[in-house]
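Quick setup: one chain, the form predicted on its own, written in structure tokens, and binding and motion questions come after.
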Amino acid sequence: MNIQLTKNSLATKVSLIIGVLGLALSLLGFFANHEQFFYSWLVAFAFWMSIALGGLFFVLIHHLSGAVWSVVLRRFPESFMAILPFMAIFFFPIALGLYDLYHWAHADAIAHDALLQEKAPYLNIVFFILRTVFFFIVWSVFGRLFYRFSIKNDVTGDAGYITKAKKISPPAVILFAFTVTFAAFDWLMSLDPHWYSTIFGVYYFAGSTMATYAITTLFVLYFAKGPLANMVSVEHYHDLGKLIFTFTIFWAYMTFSQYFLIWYANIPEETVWFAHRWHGSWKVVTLVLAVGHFVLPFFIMLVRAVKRNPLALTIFALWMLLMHFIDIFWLVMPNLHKEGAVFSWMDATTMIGIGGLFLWLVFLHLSKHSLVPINDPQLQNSIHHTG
């Protein structure tokens, strides 16, 4: 039982073409408005990076918990996390745009700002880059290691590789939690260096995990029409739907917790971040995010039939990915467009540029090996999973 994706599949070719076209158009945008380009690139990078990181978390939790139901689906998040070393390449434009993105990167700004002077030992260019390098090393090592374990198990049939993955996953989860938290602090929260939230890393993690389950669902539903037709069932759809629903609620809990404590304390240096997002047309985006990312999904996904219907689940997963994009857009763009929300064509080209190449790499990984972990001792139990 060795089910593989064709190396020159239509999905692989289309992803590559779209990615190259998106990057080419984005490059033109760089010369037209480099500041907008860097902000748009950061939004797209944070979005697709969240999928790769979510893939790593999916696999870590799978092994840590000894899950059975997700064995047949595991190759998809494994392919997401395998992209982590390549995502470092997409970070280079952010490194080049530090002065455009981050106020704390300007020496003159620090010289006239007492608070930035206090934060300078942490918020400085050299330490920022070193931390990012460390993050990518940790993620890449774990991502490639767990991917290698899975492929080695495919080739040799040695279940010892699955045992190794289970043993390494507990410390890996701890390192994952710390690195993702500080990456969110560095890349997103420090866009406004006068504001901070200790819950911000968990906030980004919640949205990332939700989005990963959503895109995994789309992959499963896509391949269920072909090579995985006899391997995944409505029970797998139901469980994926429940996990999207779970992390939608978790995201809302983190979001409200962050907002409520700051609102209740009513300290100006803390409330200013939310004030920016309640100014002008940003108020509309905030309300769309509240309703679209929580209220509507909550009531829709309470219905059991929605989680078990492929078409309804596809629409719901696509909707949640859109909400995840709006969420990251809402985190980043008020630092550039302070008077109101502005959607630039570069927001689209950077998304499809990075996204196209991301999906191209994922499809390449899926074409190299079986779409399911063929020698995992729990594969048959996973195929016959009944919820």
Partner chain sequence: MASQAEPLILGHPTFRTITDDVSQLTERKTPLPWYFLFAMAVSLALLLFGMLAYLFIEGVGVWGVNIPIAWGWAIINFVFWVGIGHAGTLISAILFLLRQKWRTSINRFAEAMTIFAVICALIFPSVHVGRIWLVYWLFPYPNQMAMWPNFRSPLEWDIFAVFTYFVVSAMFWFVGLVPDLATLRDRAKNLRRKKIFGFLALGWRGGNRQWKHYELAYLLLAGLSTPLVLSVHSVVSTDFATSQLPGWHTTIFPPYFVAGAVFSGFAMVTTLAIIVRRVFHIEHIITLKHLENMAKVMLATSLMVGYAYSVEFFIAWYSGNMYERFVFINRALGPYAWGYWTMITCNVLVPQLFWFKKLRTSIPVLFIATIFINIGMWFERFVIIVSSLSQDFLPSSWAYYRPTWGDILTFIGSFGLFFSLFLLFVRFLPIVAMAEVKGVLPEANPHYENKGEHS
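Bear in mind the structure is a predicted one, so any value in this text is a computation, not a measurement. Positions refer to the first chain, counted from 1.
What comes next is about the form predicted in complex with its partner chain, which is not displayed.
Not one of E78, F142 and S150 is positioned with any heavy atom within 4.5 Å of its partner chain in the predicted complex.
None of the heavy atoms of F136 is located within 4.5 Å of its partner chain in the predicted complex.
Using a 4.5 angstroms threshold between heavy atoms, W195 counts as touching its partner chain in the predicted complex. In the predicted complex, no heavy atom of F299 sits within 4.5 Å of its partner chain. Contact annotation: F182 falls within 4.5 Å of its partner chain in the predicted complex, judged by heavy atom distances. Interface residue among Q258, T286, S233, T314 relative to its partner chain in the predicted complex, by the heavy atom within 4.5 Å criterion: Q258. Shown without its partner, this chain lists P310, G226, P171, G160 as candidates; in the predicted complex, only P171 has a non-hydrogen atom within 4.5 angstroms of its partner chain. Only one segment in the set 112-120, 82-90, 287-295, 214-222 has residues whose heavy atoms sit within 4.5 Å of its partner chain in the predicted complex; it is 112-120. Scanning 287-312 for heavy atoms within 4.5 Å of its partner chain in the predicted complex gives no residues at all.
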